[in-house]
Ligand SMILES: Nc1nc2c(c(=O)[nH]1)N[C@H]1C(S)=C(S)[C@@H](COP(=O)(O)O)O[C@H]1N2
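Here you get one chain, nothing else, as structure tokens; it is the form predicted on its own.
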């Protein structure tokens, strides 16, 4: 609790302020792109998410995961720089100071929680007992709220320690950076370069999972584009989904329910598969891979069933359980000419793990909503 108890020259207001600015950028980016992902997966009734450009979700979700991973070394460095402040005495010096200190609790706890559970999710490791997507979303709001309060409390310190004319703002706070003392150990500049290098390495070794042409640089990501059946990664296998028997059933028929309902056998569906499109499959874990899909346009099937152009439809999987066994397809995607009920991948029949006998593939749509092992399309 003595001011001289922490002797490292890295416990400095200017270092803390600069790290805080970069953390604000990465956490802000992760928050905004996370909101985009949430609304894509759980759109409110008033929102019809566009189907173009086809690469939009690939970009936003890749940026979401990368900015979250880059936040890890920044947060660790920030906590190291400011942790002596936890031991200052007296612990509270007024109402504003109390609000600042209280806001630190949900901020640090929320930040650590978001990063730890986010990393667990991209590795598909779920040791916790709660549903990741919902919990991650709501804790993000708590964390960003605490961050806004913290920024408001610390803005004077940042202004007094960052910028060319910071000397003119020195009167705003007593938390001022002191000249760096000579001595052994890592300098402030060296510390900044080390943290920046760590963030750079993480960016370079993970961004290739969603940036075309950089797949060979992917070292830390759990999925590498091009690795998997038919040259495409797989998250959920047919065995895990429990559809091995039903997907291979020779009596399979795709049912389209509307004013003029009909059904198609796999032979009939495959004979109709004359449309080929090039679309990425983009997963919430941040990876994306381009592929060539062949199938029948969903819009053509809906027209045949007499489904109005403004109608929303639901596609249903052969899976019997799971939160993503069905997905809702709204008009922008249902009527997009690139949205297919695909039966082929790369010119070959779909592998079982990629959704054989038929799957949905649509532009600008999360992978969890590109429903596999389809057996029914229903007008809502």
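Residue numbers count along the first chain shown, from 1. What you are looking at is a predicted structure, and each value in this text was computed from that prediction instead of being measured.
Omitted from view is the form predicted in complex with the named molecule, to which the following refers.
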Query raised in the report: Quick one: is residue 353 in contact with the named molecule in the model of the complex, heavy atoms, 4.5 Å cut-off?
Result: yes
Query raised in the report: Hey, in the model of the complex, does residue 14 get a heavy atom within 4.5 angstroms of the named molecule?
Result: no
Requested in this report: Report whether the minimum heavy atom distance between residue 236 and the named molecule in the model of the complex is within 4.5 Å.
Outcome: yes
Requested in this report: Flag residue 59 as yes or no: does it have a non-hydrogen atom within 4.5 angstroms of any non-hydrogen atom of the named molecule in the model of the complex?
Outcome: no
**Report entry** Heavy atom contact within 4.5 Å of the named molecule in the model of the complex, the stretch among 318-326, 334-342, 66-74, 47-55
**Finding:** 318-326
Query raised in the report: 307, 247, 298, 281: which sits within 4.5 Å of the named molecule in the model of the complex by any heavy atom?
Result: 281
Query raised in the report: What residues of 346-372, in sequence order, lie within 4.5 Å of the named molecule in the model of the complex by heavy atom?
Result: 353, 354, 359, 367, 368, 370, 371, 372
